[in-house]
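One chain comes next, on its own, written out as structure tokens in the form predicted on its own.
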Amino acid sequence: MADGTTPDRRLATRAFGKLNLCLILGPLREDGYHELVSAVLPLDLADTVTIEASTGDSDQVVCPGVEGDNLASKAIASWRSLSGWDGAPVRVTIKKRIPVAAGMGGGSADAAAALRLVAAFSGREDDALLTEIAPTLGADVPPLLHGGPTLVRGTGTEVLQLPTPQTAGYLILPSNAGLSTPVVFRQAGEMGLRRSQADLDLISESLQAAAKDEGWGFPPELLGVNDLGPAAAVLEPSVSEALSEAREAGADQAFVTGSGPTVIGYFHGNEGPMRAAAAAEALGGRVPGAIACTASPRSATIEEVQ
């Protein structure tokens, strides 16, 4: 092949889901987006994304069990357009573990992984162009592109890497319901939940001041604060039920992640992961099932697979 790839090459990586340790909603911009400040923590709950040569005439993204458009397709098309790569069609397969439409960035994580994979497949792994493309795919793609905790500002395009915060365990309580992110943002605005830009600046400064070293303590007054949470609870009754479930399971705090409807139970300290795992086991009869997680490492490596 003229581009240096081989027809039988197959690459794979993991796409980590995320939670928002806080999500602070700011003013509505003229373009319809909101200013925000959020601390994003990728989790060890991950999809598996694979790329290989396609047997068809065009690029394909296959995600069993998930219908509709996939952001990974846009990632591949953007890479081709902006990099000038004209290699043969590729097939991307996504094996889901991250709940869908759950406020956990599953689609964005898959897009970030697909972007890294297609760059590697074309012989340009870790190309600086990845960082330029990521914001065009969605607000959650830039913080998930390289992994690790991040402070996200603006409309999601300003991303600052943070050290890993103190050890904790996380209980994930998904919902069978789905919530539209734009609808949740609109509901939050109608409920008067937007803050001033000055408030966002102060919160951003507070988080940066706290995040000096590995194992830093998240400011307790901000941990679990999600200005979209009340809007999600109004739109979907199961949110309030899941918050109660998490607290009854022993979580030190319970909060909505992203635009919901997924609820997070936070278990503080070195014993937190063990306590979260015990809580998930105790909720074994729950539908959909409870999941225990910890923070993920940096972006997963890209590996050659058979």
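Bear in mind the structure is a predicted one, so any value in this text is a computation, not a measurement. Numbers follow the displayed sequence, beginning with 1.
Same protein, other form: the form predicted in complex with a small molecule, not shown, and the subject of what follows.
Engineer: Thr131, Thr93, Gln166, Thr155: which sits within 4.5 Å of the small molecule in the model of the complex by any heavy atom?
Structural biologist: Going through each option in turn, the one that passes is Thr155.
Engineer: Sort through Leu43, Ala279, Leu36, Val239 and report the residue having a heavy atom within 4.5 Å of the small molecule in the model of the complex.
Structural biologist: It is Leu36 that has a heavy atom within 4.5 Å of the partner.
Engineer: Flag this candidate site as yes only if Tyr170, Gly250 and Gly284 all have a heavy atom within 4.5 Å of the small molecule in the model of the complex; otherwise mark no.
Structural biologist: Not a single residue of the candidate spot has a heavy atom within 4.5 Å of the small molecule in the model of the complex.
Engineer: I'd like to check something about Ala139: if you look in the model of the complex, is any of its heavy atoms closer than or equal to 4.5 Å to a heavy atom of the small molecule?
Structural biologist: Result yes; Ala139 sits at the interface with the small molecule in the model of the complex.
Engineer: May I ask you to state whether Pro64 is within 4.5 Å of the small molecule in the model of the complex, using heavy atom distances?
Structural biologist: Pro64 lies outside the contact set for the small molecule.
Engineer: Taking 4.5 angstroms as the cut-off for heavy atoms, does Gly215 touch the small molecule in the model of the complex?
Structural biologist: Because no heavy atom of Gly215 falls inside 4.5 Å of the small molecule in the model of the complex, the answer is no.
Engineer: Does the small molecule get within 4.5 angstroms of any non-hydrogen atom of Pro182 in the model of the complex?
Structural biologist: Although the small molecule is absent here, Pro182 would touch it in the model of the complex, with heavy atoms inside 4.5 Å.
Engineer: At 4.5 Å between heavy atoms, only one of the stretches 52 to 60, 264 to 272, 239 to 247, 28 to 36 reaches the small molecule in the model of the complex; which one is it?
Structural biologist: Looking at the other structure, the answer is 28 to 36.
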